[in-house]
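Single chain ahead, written as structure tokens, the form predicted on its own.
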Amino acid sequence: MLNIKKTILMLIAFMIACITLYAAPAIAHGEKSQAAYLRMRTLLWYDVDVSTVKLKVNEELTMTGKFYWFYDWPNNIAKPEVAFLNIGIPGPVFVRKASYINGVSGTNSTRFDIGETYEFKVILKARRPARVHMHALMNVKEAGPLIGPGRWVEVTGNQADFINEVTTLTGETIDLETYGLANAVKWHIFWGVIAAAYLLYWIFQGPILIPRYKKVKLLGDNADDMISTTDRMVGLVMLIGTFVVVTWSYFNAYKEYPVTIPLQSGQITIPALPDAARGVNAEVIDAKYRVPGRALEFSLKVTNNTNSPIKLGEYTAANIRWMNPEVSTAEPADSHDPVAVAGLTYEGGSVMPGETKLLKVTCTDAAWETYRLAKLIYDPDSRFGGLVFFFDEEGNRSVVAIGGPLIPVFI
């Protein structure tokens, strides 16, 4: 029996050693862990960019872009009745100075409409040196964070030089980095001492927790006899003292800060942008994902109601862009920006004004596997989504949302 235990322990130790030696470094971004349908059929981001990728402490950075709430919203995901625009950054590298959605302040939670497009702008101020991968982010109540495209940004300088001053409504200039810090530390120490004293009192009364619990079970209905008159007096003093201190601190704070405004918890509704399709309609007739070739192939019925011929230049889904270099070009912003510069091809040519034509589109790239979008074919509701971008002869762009069932092909 002893030999068997030793053998099992040696096997466990060997497995742990193998995992430790051969485990790959964790360099993947968190958005890859989200389900493929969640990234393709909820919030579709595009035109996301930052004003600079290198700045110093106290300098400002602006992130701008657009997002579309996909019309074929998954039934198991809460709709954006309450949502908040945010920026995903690992640590307090920036402070947010302002945020806007369609030009309206985005400091409040917002209600959005499915099937509509919105434009955003967030102004950040560099707080401490770091090199971070920052994302546009939308927090949706009961659905969680919906992550947008990311950019690598480097902040240089010294955190000690950071200044975050604001002028209050009463004309007082304060530094938000240190304002109220001493007061918060004072009250934490005060209540910490009170709590420690109360805990020590009971510790010196004898064994607590498990021994005392056993004694309570043993005494049954007579367990109250364990509480002495002194214990009751100490508890009463603590109760009355707590009420006195809380009441005094309330009136003292009101006297020191007579002008206050409650934290704003209201919700706003922001009108959507005009239709970005600009008269172009597109409908998916059929779609399949070719597993060996790592390619999405779909037939697109396109109707051009504009006054100029249009061509298909781009397909965007899950923050990945497949480009048709004959129509539109884009280079990756950095080494982690997923852009398939020549990943889109199609048959059908230009769609003339007033014409309806069937286009055979192919989007090919290893990103289907590396970004785990191919997992879509194993979902019980295997459907895809995304945005297609059409361009006319003058470079004007029409953005159309498409989606539908997806059939896997294994040959």
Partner chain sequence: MSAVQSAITTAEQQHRIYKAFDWVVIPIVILVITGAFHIHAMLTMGDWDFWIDWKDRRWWVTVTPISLIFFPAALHYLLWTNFRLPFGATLSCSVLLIGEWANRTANFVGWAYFPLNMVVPAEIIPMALCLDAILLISRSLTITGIIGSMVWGVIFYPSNWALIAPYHVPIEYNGVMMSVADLIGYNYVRTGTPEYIRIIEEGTLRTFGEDVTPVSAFFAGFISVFMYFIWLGIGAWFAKTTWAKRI
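Given the structure is predicted, the values throughout are model-derived calculations rather than measurements. Residue numbers count along the first chain shown, from 1. Superpose the two forms; the largest set of C-alphas matching within 1.5 Å is the rigid core.
One more form of this protein, predicted in complex with the partner chain, exists but is not displayed; see below.
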None of Ser308, Thr303, Asn158, Thr107 but one has a heavy atom within 4.5 Å of the partner chain in the model of the complex; the exception is Thr107
Of the options Val185, Val291, Ala330, Leu273, which one has a non-hydrogen atom that comes within 4.5 Å of the partner chain in the model of the complex? Val185
In the model of the complex, segment of 293 to 301, 149 to 157, 75 to 83, 278 to 286 with a heavy atom within 4.5 Å of the partner chain: 75 to 83
Given that the partner is absent here, does Val341 sit within 4.5 Å of the partner chain in the model of the complex, heavy atoms only? no
Is it the case that Tyr100, even though its partner is missing from this view, gets within 4.5 Å of the partner chain in the model of the complex, heavy atoms only? yes
In the model of the complex, Lys214 touching the partner chain (heavy atom, 4.5 Å): yes
With the partner left out here, check for me: in the model of the complex, does some heavy atom of Thr260 sit within 4.5 Å of the partner chain? yes
Using the arrangement in the model of the complex, list in sequence order the residues of 162 to 195 with any heavy atom within 4.5 angstroms of the partner chain. Phe162, Asn164, Val166, Thr167, Thr168, Leu169, Thr170, Ile174, Leu176, Glu177, Thr178, Tyr179, Gly180, Leu181, Asn183, Ala184, Val185, Trp187, His188, Trp191, Ile194, Ala195
Using the core for the fit, does the CA position of Val95 change by 2 Å or more between the shown form and the other one? no
Core-superposed C-alpha of Leu209 shifting 2 Å or more between the shown form and the other one: yes
Thr329: CA shift of at least 2 Å between the shown form and the other one after core fit? no
